[in-house]
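First comes one chain, alone, set out as structure tokens in the form predicted on its own.
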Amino acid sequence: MALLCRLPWLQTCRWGTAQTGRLTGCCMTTGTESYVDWTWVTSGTWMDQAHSVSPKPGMVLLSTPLSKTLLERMWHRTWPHLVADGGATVLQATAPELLPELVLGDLDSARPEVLQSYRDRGVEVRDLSHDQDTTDLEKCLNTAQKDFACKRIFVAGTFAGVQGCFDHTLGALNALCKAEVQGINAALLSDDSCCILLPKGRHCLTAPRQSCCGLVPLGGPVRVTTSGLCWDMKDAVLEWGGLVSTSNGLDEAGDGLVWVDTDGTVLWTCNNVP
């Protein structure tokens, strides 16, 4: 579960007893009820709401496009910074002044001269090409947990069907599933898309007001109850071949928070509307 923060704007909300929330280990507690707070994902990246998270989430940079604005915003809100293989080329081209703690992967994508330039500046470059059963993203998530004890991690970069490679998107979602089993709360975040894997339990999220939101089951059927959406659900069974919540949105009359109760794994998606 995630280590959570108290956000000043969150404490003033009127959802149940949320304004009396307190931290207990890895989740937020409101009275006798606990939930996982995911508002750190979009509140200080896409949205300008102030947030202070301690300890900082980790960050994994993918080898896909990301704007310098979002890259720098996320960089200063995270630690450590791990770069997945070809992400080194992206980082050098986008923000060469930023130095990660580690570049790692099977190193078949990053240009050799780029890797050497980071070595010359004191950055560790770790060759994990002996492991061909995990993706570079999985390698980064595993290392972030083992070497830096990360429990919350941003995965930064375009992930929604990059260059027509939908299998890469599915691979990223599979990496989230594996991370969740290891006790890591990871979120995929790009300039225009966000994906968060919600395990069984109660969750609090936020998204831009005009965002298009969805809840999609991964695996078997799940029973979901929501509040804060334009089309809320109560004990709805989501499953492939049945009901899947897509093209939803935030309740315009609400306070911007979305609550999700699920009895199984469900994927939360939203987009960033300029």
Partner chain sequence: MKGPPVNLRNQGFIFLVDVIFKVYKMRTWPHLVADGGATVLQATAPELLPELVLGDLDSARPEVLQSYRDRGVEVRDLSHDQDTTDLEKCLNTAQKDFACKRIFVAGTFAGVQGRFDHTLGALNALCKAEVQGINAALLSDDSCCILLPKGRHCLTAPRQSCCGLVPLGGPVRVTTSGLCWDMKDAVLEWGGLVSTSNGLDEAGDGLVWVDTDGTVLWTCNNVP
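Positions refer to the first chain, counted from 1. All figures in this text were calculated on a predicted structure; none of them were measured in a lab.
If you look for the form predicted together with the partner chain, you will not find it shown, but the lines that follow are about it.
Taken together, the three residues C165, G220 and V244 all lie with some non-hydrogen atom within 4.5 angstroms of the partner chain in the predicted complex. Of the residues given (C204, C195, M74, I184), C195 alone sits with a heavy atom within 4.5 Å of the partner chain in the predicted complex. Only one of A95, V123, L128, L173 comes within 4.5 Å of the partner chain in the predicted complex through a heavy atom, and that residue is L173. Looking at T169, you'd find a heavy atom of it within 4.5 angstroms of the partner chain in the predicted complex. Although the partner is absent here, C213 sits close enough that one of its heavy atoms falls within 4.5 Å of the partner chain in the predicted complex. Shown alone here, K200 lies farther than 4.5 Å from the partner chain in the predicted complex, counting heavy atoms only.
Looking at E239, you'd find a heavy atom of it within 4.5 angstroms of the partner chain in the predicted complex. Here the chain stands by itself, but in the predicted complex one stretch of 109-117, 186-194, 81-89, 143-151, 186-194, has heavy atoms within 4.5 Å of the partner chain.
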